[in-house]
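Only one chain is given next, in structure tokens, and it is the form predicted on its own.
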């Protein structure tokens, strides 16, 4: 578990409880694009007594302090991603599949905007919508 993240929670006035630690561990270890139900299932493997409401409250708290942010892709409700860095997706408008990709010219654009306006960019989200190869066929 990242001590920096725990320090960030304490600095924001939040207690470090076993259920919160379970959610944090899931988010750090399992990566991104997890919905609250998936986070709950994985967190229960770490801390079986955790409930759905605790997961939702913890995700709201982490969103408020800028650790994660919800993204809404398709009709399946939010999934959560880290706020730092860039996130790049292609989203199929037909089946809803989300494809992550690394290559992004937005990184250079972010630097250009920082140089031009003095705005410190900490993250960005780039999404393209269309049809995946299977839906095109």
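Just so we're clear, the structure is a prediction, and the values are computed from it rather than from any experiment. Residue numbers count along the first chain shown, from 1.
Omitted here: the form predicted in complex with the DNA. The next part is about that form.
Student: Contact between residue 83 and the DNA in the predicted complex at 4.5 Å, heavy atoms?
Tutor: Answer no; every heavy atom of residue 83 is more than 4.5 Å from the DNA in the predicted complex.
Student: Verify the contact flag for residue 116: yes if a non-hydrogen atom of it lies within 4.5 Å of a non-hydrogen atom of the DNA in the predicted complex, no if not.
Tutor: Residue 116: no contact with the DNA in the predicted complex.
Student: Is there any non-hydrogen atom of residue 54 lying within 4.5 Å of the DNA in the predicted complex?
Tutor: The answer is yes: residue 54 has a heavy atom within 4.5 Å of the DNA.
Student: Within 4.5 Å, heavy atoms only: does residue 70 come near the DNA in the predicted complex?
Tutor: Contact with the DNA, no.
Student: Which of 95, 49, 45, 105 has a heavy atom within 4.5 Å of the DNA in the predicted complex?
Tutor: The residue in contact is 49.
Student: Let me know which residues along 119 to 137 have a heavy atom within 4.5 Å of the DNA in the predicted complex, or say none if there are none.
Tutor: Contacts from 119 to 137: none.
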